[in-house]
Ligand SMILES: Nc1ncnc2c1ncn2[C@@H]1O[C@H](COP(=O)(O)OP(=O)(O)OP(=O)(O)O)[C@@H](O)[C@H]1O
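One chain follows as structure tokens, the form predicted alone.
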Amino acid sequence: MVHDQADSLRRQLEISKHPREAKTISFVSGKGGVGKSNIAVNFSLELCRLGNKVMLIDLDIGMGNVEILLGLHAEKTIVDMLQDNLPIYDIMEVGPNNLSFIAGGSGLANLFSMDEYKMDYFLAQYQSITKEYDYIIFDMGAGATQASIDFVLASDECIVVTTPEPTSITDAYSMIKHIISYNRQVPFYVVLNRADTIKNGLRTVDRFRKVIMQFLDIEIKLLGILPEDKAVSAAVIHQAPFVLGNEKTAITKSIKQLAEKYSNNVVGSTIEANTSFIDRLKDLLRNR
């Protein structure tokens, strides 16, 4: 009981430090294999390093690998929370740089087709942590279903990860087209991963943005170009985030610049925080 009261007081103190709700960011990709989860993990760690409180939630249920990329093992997952009606605090883990994260787990065929009771339970549990963090980041599964796209639409911002490969660019275009078919006001950022050179990467993104503007009539902002770097595969093999202990590698320097650019709002945000993530998601679910 004393322990529970202490936890409650600590959380109230945290909420008082963050009177506003956390900004929600969805990481998406048109297909798998572009490094989306790895970027989401290391981006989150860098936001923490810059003094932000961050929660990373793995929503790639059944295929999630956030805990593996962090080199950790989660005792409980989001699936356990929904199946056993656990408090969200029971499934939260803490990783490097004091990053909070929730693992995706397995055994639930589709998180986004859960019944109304489970969805209400999820929303109630999620609501309890929204003022404890500066950022809540969703690592979405590759591609999109009718239901999972609601999480993206309800987020404050969407970061699309792609690579220079033509198929990856095409899939990223299709993902953006699908999202804006529901709401053209979603703020988009693009991260180009595995560029052979920064110069070629900028050319690729410039062409991509022009095509998006020409055919979809929306603007997407460039968040960053990340180089091809052997340090990434080495980090994955060793199950350790590449930003930890690899300060001098090209990929680490680039992800640090990317996080600093985002944290300092250099790219500029177009979101209007008139409603919360929860309110937007509830509206979308009601109108589905």
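The numbering used is simple: start at 1 and walk along the sequence shown. Since the structure is predicted, the reported quantities are computational estimates derived from the model, not experimental observations.
Omitted here: the form predicted together with this ligand. The next part is about that form.
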Residues 33, 38 and 236 all lining this ligand in the model of the complex, heavy atom within 4.5 Å: yes
Region of this chain that lies against this ligand in the model of the complex, out of 205-213, 70-78, 189-197, 149-157 [heavy atom, 4.5 Å]: 189-197
255, 232, 56, 223 - the one with a heavy atom within 4.5 Å of this ligand in the model of the complex: 232
The single option of 142, 82, 179, 92 touching this ligand in the model of the complex, heavy atom within 4.5 Å: 142
Exercise: residue 251 in contact with this ligand in the model of the complex, heavy atom 4.5 Å: yes
This ligand contact in the model of the complex: residue 260, any heavy atom under 4.5 Å: no
Stretch 204-230: residues contacting this ligand in the model of the complex, 4.5 Å heavy atom cut-off: 227, 228, 229
